[in-house]
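Form predicted alone, single chain, as structure tokens, below.
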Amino acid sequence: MLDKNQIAKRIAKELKDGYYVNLGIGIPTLVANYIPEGISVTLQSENGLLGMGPFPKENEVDPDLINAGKQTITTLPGSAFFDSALSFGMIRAGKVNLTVLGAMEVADNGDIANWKIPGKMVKGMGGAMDLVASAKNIIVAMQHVNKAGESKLLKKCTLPITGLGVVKKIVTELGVFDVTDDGFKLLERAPGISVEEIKNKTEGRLVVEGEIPEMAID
């Protein structure tokens, strides 16, 4: 199975030259460390930054530079700082080409739940509501099953919904999936993971066509 960094590394392969990309809290922030050589992308942080770089080394840490998840970051030459109002103006105007989000659940029609577990205290819904409503393309980075071994790729989300029918692609520790009209279409499987295991751990509709290749991480 893939670890969190390998999930992020696989998602980084989806980046295209010239993209403006928003990275959500959790696994998505790790994508900043794996931007492929030869392409130029601009990472946007919703707390007010364009031009976010990879995570800092110990001697590069600046406590005044943080992302939306309050992690310390680096900036790249030409980066820009601004307030949250302008940041969300960019998001709501559809200026972000790709959003990478974490999720607690995704349904096989592309619904996503990633902001609240009933009964647990939350500080607010955060920026995900705006991102899922405005982004042109949404990829989800998530664990395939919960701590109890139960699938998080479902027929229908059981947690409060963040957005309806918005997820295009999912990368988990088990594989890569497109969200289609027929359900989760398996594109790649993690090294050493069988199609049968993925079937057993996916509650939602799963489409498997032909031989499924192993994911190339490096």
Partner chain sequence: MNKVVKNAEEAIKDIFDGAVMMLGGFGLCGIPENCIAALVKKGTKNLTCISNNAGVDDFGIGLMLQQHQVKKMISSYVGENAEFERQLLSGELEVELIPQGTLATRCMATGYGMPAIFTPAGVGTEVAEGKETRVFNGKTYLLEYAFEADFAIVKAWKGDTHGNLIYKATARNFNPLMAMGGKITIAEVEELVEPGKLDPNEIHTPGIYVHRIFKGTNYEKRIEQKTVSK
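This is a predicted model, so every value here is computed, not measured. Here, rigid core means the biggest group of C-alpha atoms that superpose within 1.5 Å across both forms. Residue numbers count along the first chain shown, from 1.
Form predicted in complex with its partner chain: not shown, discussed below.
In the model of the complex, its partner chain lies farther than 4.5 Å from every heavy atom of residue 36. Using a 4.5 Å cutoff between non-hydrogen atoms, residue 95 does not count as a contact of its partner chain in the model of the complex. Though the partner is left out of this view, residue 110 does not reach within 4.5 Å of its partner chain in the model of the complex, counting heavy atoms only. For the chain shown alone, residue 120 is a contact residue for its partner chain in the model of the complex, at least one non-hydrogen atom being within 4.5 angstroms. With the partner left out here, its partner chain still marks one of 175 to 183, 26 to 34, 55 to 63, 145 to 153 in the model of the complex; by a 4.5 Å heavy atom cut-off that stretch is 55 to 63. Contacts between 13 to 51 and its partner chain, taken as any heavy atom within 4.5 Å in the model of the complex, involve 46, 47, 48, 49. Once the rigid core is used as the reference frame, the Cα position of residue 64 differs between this form and the one not shown by 2 Å or more.
Residue 34 is not among the residues whose C-alpha shifts by 2 Å or more between this form and the one not shown once the rigid core is aligned; its shift stays under 2 Å.
Relative to the superposed rigid core, residue 53 undergoes a CA displacement of at least 2 Å between this form and the one not shown.
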